[in-house]
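Take a look at this one chain, the form predicted on its own, written out in structure tokens.
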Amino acid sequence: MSEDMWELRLYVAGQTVKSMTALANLKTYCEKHLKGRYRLEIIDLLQHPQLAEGDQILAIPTLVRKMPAPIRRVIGDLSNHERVLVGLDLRSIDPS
């Protein structure tokens, strides 16, 4: 895995259970797999709805990996560990 800085954006809609769960799960993954190598931006679409268009956000919560390229997206509360790691390209699914 590259030692480059990771830029992540989490799009949420207020303080809903799903949004708070996604944020907590994301912080756990980042501290475990990217400690000291990530920058996290939280965008609340209730406060800034115009920002959804730039990253083509159609559902929330949505996590967008801006860097390293290519851009990747993971939708949902990020509770499925394997899906998040594969979605962010932190780890491939084990074929066994």
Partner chain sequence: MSNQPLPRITPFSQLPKALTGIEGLDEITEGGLPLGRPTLVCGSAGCGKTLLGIEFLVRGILDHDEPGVLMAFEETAAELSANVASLGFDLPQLVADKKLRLDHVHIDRTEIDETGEYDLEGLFIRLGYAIDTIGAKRVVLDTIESLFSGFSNEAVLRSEIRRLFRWLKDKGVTTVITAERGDGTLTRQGLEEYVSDCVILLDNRVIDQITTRRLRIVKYRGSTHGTNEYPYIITEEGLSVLPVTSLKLEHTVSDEVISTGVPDLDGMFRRGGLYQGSSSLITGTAGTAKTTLASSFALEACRRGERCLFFVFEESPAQLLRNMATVGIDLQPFVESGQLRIEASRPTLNGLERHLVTIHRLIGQFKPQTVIIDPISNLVSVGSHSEVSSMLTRLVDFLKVQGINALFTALVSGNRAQQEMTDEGISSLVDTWIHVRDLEGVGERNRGISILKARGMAHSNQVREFEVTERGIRLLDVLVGPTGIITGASRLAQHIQEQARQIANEQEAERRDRDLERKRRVLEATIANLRTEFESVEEELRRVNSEEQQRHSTMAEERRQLGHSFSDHPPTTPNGSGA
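Positions refer to the first chain, counted from 1. It should be emphasised that the depicted structure is a prediction, and the values quoted were computed from it without experimental measurement.
Below, we turn to the form predicted in complex with the partner chain, even though it does not appear here.
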{"query": "All of 23, 28 and 40 with a heavy atom within 4.5 Å of the partner chain in the predicted complex", "finding": "no"}
{"query": "Exercise: residue 69 in contact with the partner chain in the predicted complex, heavy atom 4.5 Å", "finding": "no"}
{"query": "In the predicted complex, residue 79 touching the partner chain (heavy atom, 4.5 Å)", "finding": "yes"}
{"query": "Exercise: residue 57 in contact with the partner chain in the predicted complex, heavy atom 4.5 Å", "finding": "yes"}
{"query": "Proximity of residue 10 to the partner chain in the predicted complex, heavy atoms at 4.5 Å", "finding": "no"}
{"query": "Sequence-ordered residues of 43-65 touching the partner chain in the predicted complex, heavy atom within 4.5 Å", "finding": "45, 46, 49, 50, 52, 53, 56, 57, 58, 59, 60, 61"}
